[in-house]
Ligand code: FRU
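First comes one chain, alone, set out as structure tokens in the form predicted alone.
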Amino acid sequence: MDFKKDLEDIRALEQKSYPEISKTKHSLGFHLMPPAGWLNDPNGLCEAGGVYHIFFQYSPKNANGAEKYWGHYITQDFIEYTYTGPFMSPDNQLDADGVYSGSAYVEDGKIYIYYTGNVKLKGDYDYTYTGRLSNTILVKTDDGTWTDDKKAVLTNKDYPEGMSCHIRDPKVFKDEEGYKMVLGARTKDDKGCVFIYASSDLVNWSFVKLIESGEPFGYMWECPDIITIAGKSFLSLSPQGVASEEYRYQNIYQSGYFALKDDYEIDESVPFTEWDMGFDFYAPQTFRDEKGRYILIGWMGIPDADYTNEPTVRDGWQHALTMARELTLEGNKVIQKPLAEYEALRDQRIDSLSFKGMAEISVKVLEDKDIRLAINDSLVFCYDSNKKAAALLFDQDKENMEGAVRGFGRTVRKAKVESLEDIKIYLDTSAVEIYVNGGKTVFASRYYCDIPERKIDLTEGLTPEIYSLKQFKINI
């Protein structure tokens, strides 16, 4: 394949596709979506010289996913974005079967990008235990619009013994001892774990240790990320193969964090905490910006789910990124709130419970009681004061009602909430994020409604504060 021409063709596709899909009914207003095709993991999140870089894994030619590239948005204020085009393609023997997920580290103005180059050998292989190469590759860029030569800094021979072929998603950070890298992995006996490597120059890496839980916790740990907030360290990851429970682990795959001890061992006295309790959240990545804020962005989607995004697939695109969330700490609990920059999206105060378009909805709860907030009487957030539980649900009985909100297979997601104090809902055209109790619990989901009108029904005695929202400015 002529990869230079391939990138030129993709750029032409993007410039033709985005103006068309951005005018469709379910096109998003303040969530980043692909210029064409399929979007999944956020990658390479960083700030360099006052510019935020948001890379993402990307299949521009197929809304159901195909060969993996990276796309790239930049912004200075999280309100206006420029899409610079496809950043990387599988154009090398090191990544011939996909430019998989990775991270960025900024040093002296240079952006060091690490990612997994996926290679499937020809032959009769299962590609889980045999036949797959997982190369950890480094490229460098000044501005995210070009890369230098791809260099493999780790290959299969550099990984510990006893591992399957599923080793991926490098995330680089720095601690008091120097540069560190974490990689997600699956052992040959199907136990999820994480590797830590160390480097003095961001190029040459040596194995330090393996992190695993005392009891098996899923068969694969994807997208590892070690973050330290207010002196406490956490291992964020996306485990696959965790058994579902009524109030936990309800999606096919999870995303959350373990508390860590000083030696990067998991603190078994602190339970695994999920980042988001909604239907559509996976593969989050964090970074620290130049203001010192810890920021998280997740994929507003999930692989292998039994629910769909059929309406947008018909329009030629699928999936989005979550709002950027600032992370703070309260005890061992990480609190998530949308960045303060999003307040600039507020347009006008709405005094009615009926409106068109996008909105920010805030509700203060002053007494312990059951709560129900419904959008078009079919997308429901509720709280049971006896069970101490909140839920986001799609009312299946009303799915065929005119103007109903449909989940396309989404049913209900629950979370334990000791008391309900406040709710903040960010309602996009076909995406919703709900922040409970100042961001102690979060629900993210896609939803679909064929009419622009939104009507709120709310438990008597509660008065919402509603603002209409403007949409992002996107330059393609």
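In case it trips you up, residue 1 is the first one in the sequence shown, and so on. Please read all numbers here as calculations on a predicted model, not as lab measurements.
The discussion below concerns the form predicted in complex with this ligand, not included here.
Stretch-level contact check against this ligand in the predicted complex with heavy atoms at 4.5 Å: of 173-181, 275-283, 205-213, 188-196, the positive one is 275-283. Looking at residue 299, you'd find a heavy atom of it within 4.5 angstroms of this ligand in the predicted complex.
Interface residue remark: residue 168 is counted as part of the site for this ligand in the predicted complex, having a heavy atom within 4.5 Å.
Taking non-hydrogen atoms only, residue 441 never approaches this ligand to within 4.5 angstroms in the predicted complex. Heavy atoms of residue 225 never reach within 4.5 Å of this ligand in the predicted complex, leaving it off the interface. Taking 410, 31, 68, 26 one by one, only a single residue has any non-hydrogen atom within 4.5 Å of this ligand in the predicted complex, and it is 68. Residue 100 is the only one of 217, 381, 100, 83 with a heavy atom lying within 4.5 Å of this ligand in the predicted complex. Applying a 4.5 Å heavy atom cutoff to this ligand in the predicted complex picks out no residue from 435-457.
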